[in-house]
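Shown next as structure tokens: one chain only, the form predicted on its own.
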């Protein structure tokens, strides 16, 4: 591993939101208070020290930023007000930009103007596509979205979009894998990767390490947003043929309807809690809000709200209102998917469980390694020589 000092590291990180790392004098209080830090992974202190020393290469290969869930305890107990929790968040943004081979993530995180322009351009393209590519036979007697944009056609667009996003995200995840595992990447047997795969699934679904933090409410809010979003993603991409359905409605007990209601509640609850928290700034985790934090919450909540409005417009049988809201809904939802999933906040949901999984695989590999061979013959020769003298 390179030990070269990058004199521009601090100024580079400042573009990602770094503010108070210079205040740290390495007392170790943050690591001592963190319920997730271990002797093998002593964060946040280790990452703050790397930043102060300009150790970019070491940060790039460090798993610690993804082991932190930003509960805020370290920032609360920092005697210097260095806000190590926010520094860890900044490091995650920075690493996301380094994993991204396209360079788009860096622009998205470091330029608020670029972020707004990118979302606006994608939104306009989606709106134009919906106005151009439709059946041209709207039903003005009753609200029937499929009369203009049939679910089968939307499904094709969804699958194309999902394929592109999957390629971008997984290629970036592969780069994360290579940086974290280093020379061990392909030396570890595939059976070990397979045997620990359940850990990847478990942490992806439950984020269970977060529950060990002192502020259980933050874990619950995080879980609500994550599971709500995952549910609605399944409905609009995988099950769109059954989800985008004109009247009559499914029975209240139908799984599609229940999953839709859960997703709506979970997202609205989680985003509202986070938005209010960022306005009040009473918790350390909400005191410093990056523009991408706000954009993520706003887009997610607007996507859900417009979905609710579409639902009621259909029930009230207002065709023109339903069609208008459908266009607006997709102009918000698609930019959120296209930009957030591979390049920004949603990418964290992939990197974190992947890194935890890789550390588990590496740990199992180290446990199975045979002990270093002992040159018993050399020991005997030495003993014989000593005895003869």
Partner chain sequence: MDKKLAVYICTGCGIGDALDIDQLSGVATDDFKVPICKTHENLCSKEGAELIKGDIANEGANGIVIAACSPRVMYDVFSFDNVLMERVNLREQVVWVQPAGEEDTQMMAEDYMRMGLTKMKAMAPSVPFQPEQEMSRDILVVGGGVTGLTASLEAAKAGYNVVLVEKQDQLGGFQKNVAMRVSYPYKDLQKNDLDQLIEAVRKEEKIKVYTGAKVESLEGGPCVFKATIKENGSSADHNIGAVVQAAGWQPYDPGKLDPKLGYGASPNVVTNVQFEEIAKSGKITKPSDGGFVKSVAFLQCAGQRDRKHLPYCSSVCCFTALKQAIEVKRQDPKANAYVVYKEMRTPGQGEDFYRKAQEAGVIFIRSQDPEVALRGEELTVQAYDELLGDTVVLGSLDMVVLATGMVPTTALGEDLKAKLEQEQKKEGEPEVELLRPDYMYASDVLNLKYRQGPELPALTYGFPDSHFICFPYESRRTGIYPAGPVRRPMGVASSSEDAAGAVMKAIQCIELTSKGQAVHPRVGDETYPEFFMQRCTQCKRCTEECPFGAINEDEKGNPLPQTTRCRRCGVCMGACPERIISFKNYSVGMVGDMIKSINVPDEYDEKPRILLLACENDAYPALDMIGLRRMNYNAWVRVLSVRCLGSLNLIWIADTLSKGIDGVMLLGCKHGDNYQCHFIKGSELADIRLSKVKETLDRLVLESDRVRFDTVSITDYDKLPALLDAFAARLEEVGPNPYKGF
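Keep in mind that what you see is a predicted model, and the values were worked out from it rather than measured. Positions refer to the first chain, counted from 1.
The same protein has a further form, the form predicted together with its partner chain, not shown here; the description that follows concerns it.
Heavy atoms of residue 80 reach within 4.5 Å of its partner chain in the model of the complex, making it an interface residue. Remark: residue 62 does not count among the residues lining its partner chain in the model of the complex, judged by a heavy atom distance of 4.5 Å or less.
When its partner chain is considered in the model of the complex, residue 55 lines it closely, a heavy atom lying within 4.5 Å. Interface membership of residue 348, defined by any non-hydrogen atom within 4.5 Å of its partner chain in the model of the complex, is ruled out. Picking from 318-326, 337-345, 360-368, 42-50 the stretch near its partner chain in the model of the complex, with a 4.5 Å limit on heavy atoms, gives 42-50. Residues of 10-36 placing a heavy atom within 4.5 Å of its partner chain in the model of the complex, in sequence order: 22, 23, 24, 25, 26.
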